[in-house]
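In the form predicted alone, a lone chain appears below as structure tokens.
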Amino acid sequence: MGVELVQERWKGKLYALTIGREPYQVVAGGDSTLPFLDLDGGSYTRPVSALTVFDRRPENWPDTLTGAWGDVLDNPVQWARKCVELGADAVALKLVSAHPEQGDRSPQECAATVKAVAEAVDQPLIVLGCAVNEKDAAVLPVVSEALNGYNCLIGQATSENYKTVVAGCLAHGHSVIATSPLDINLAKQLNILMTDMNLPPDRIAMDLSIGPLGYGIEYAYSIIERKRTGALLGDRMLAMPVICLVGEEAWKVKEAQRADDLEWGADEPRGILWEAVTAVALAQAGASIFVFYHPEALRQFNTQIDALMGK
């Protein structure tokens, strides 16, 4: 006696966010089913993976991270090129030097660095500010103008600075990262505010401020899963793809930072696995873009995604 598969039918789908320039564009989202369940008859797009570049040498990184990048840590252009060589779908440039306490570089200085990186690589560019609302509001519009024509993903826009960030991206053809606390209602409200400014909904990626493995990943998983289910049920203000800054979150924790330990084992595989496992879990929850710090974590993530997609 044969067994008939029960298929879930959804009426909604995620917006497809496209960044970059042909022929190197990447698409995040566009899914019409739950993650890795295209057997239901819907479509599922492979997650986009990016590696992070800092515009100045990182401080307080563990040896596991600094050793992975070697002498490129002082040169964001060379660092970005190495990201491409290591197989990243996109390069995520973080403007840490704009932070008032870490260099306080001007918008024009930041824009010059970003433009140099964009000209050095063909892959799409994700630009992340310094996470100070007032400074990002000053820097990101100037960066958007410098990158006119590159079709980048720029953020992070928050409830405090979204008007300025969105206006710059609208004027110069970029998409926006909408950053909110890990709360589905606040995230949805920010999407509504941004689309009220005539930003097309397929030019928004949602940053839900995830927690890494051992530090709130269960709650992050449930929120991303609820957002995905809401989108598939037809809520268009939850249908934007989710971006996860897994490197930034995973390498903050003591389990990734702490050196070799008799109880925890060697630090190198531990930190890498902390990042990779965080990403794989959130991919199964329904996130679409993953930004890594360590290239080996990205490689392990892609290996797991291949297996989940039957490749």
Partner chain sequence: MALNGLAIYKLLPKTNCKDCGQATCLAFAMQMAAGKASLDACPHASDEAKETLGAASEPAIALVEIGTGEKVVKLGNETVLFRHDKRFVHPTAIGILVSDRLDDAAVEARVQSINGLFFDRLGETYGVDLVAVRNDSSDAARFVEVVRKVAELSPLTPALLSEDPVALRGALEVVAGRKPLVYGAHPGNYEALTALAKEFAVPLGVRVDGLDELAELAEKIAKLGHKQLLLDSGARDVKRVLADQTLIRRLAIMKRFRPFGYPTICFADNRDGAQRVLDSVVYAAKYAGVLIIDRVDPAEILPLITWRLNVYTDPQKPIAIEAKVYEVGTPGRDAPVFLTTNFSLTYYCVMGDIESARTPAYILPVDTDGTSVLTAWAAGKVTPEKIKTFLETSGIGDRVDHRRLIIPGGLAVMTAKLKEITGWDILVGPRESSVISAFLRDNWQ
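Note that this is a predicted model, so its numbers are computed, not measured. Positions refer to the first chain, counted from 1.
In what follows, reference is made to the form predicted in complex with the partner chain, a form of this protein that is not presented.
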Is L86 close enough to the partner chain in the model of the complex to count, meaning some heavy atom within 4.5 Å?
no
Is V280 a contact residue for the partner chain in the model of the complex, using a 4.5 Å heavy atom cut-off?
yes
If you check in the model of the complex, is T18 within 4.5 Å of the partner chain, heavy atoms only?
no
Residue contact check: Y150 to the partner chain in the model of the complex, 4.5 Å heavy atom:
no
Does the partner chain come within 4.5 Å of a heavy atom in each of P100, M194 and P200 in the model of the complex?
no
Among the candidate stretches 105-113, 77-85, 167-175, 221-229, which one is within 4.5 Å of the partner chain in the model of the complex when only heavy atoms are counted?
221-229
Considering non-hydrogen atoms and a 4.5 Å limit, which listed residue (M237, A138, V72, L182) is close to the partner chain in the model of the complex?
L182
Stretch 238-260 - residues with a heavy atom within 4.5 Å of the partner chain in the model of the complex
K252, K254, E255, Q257
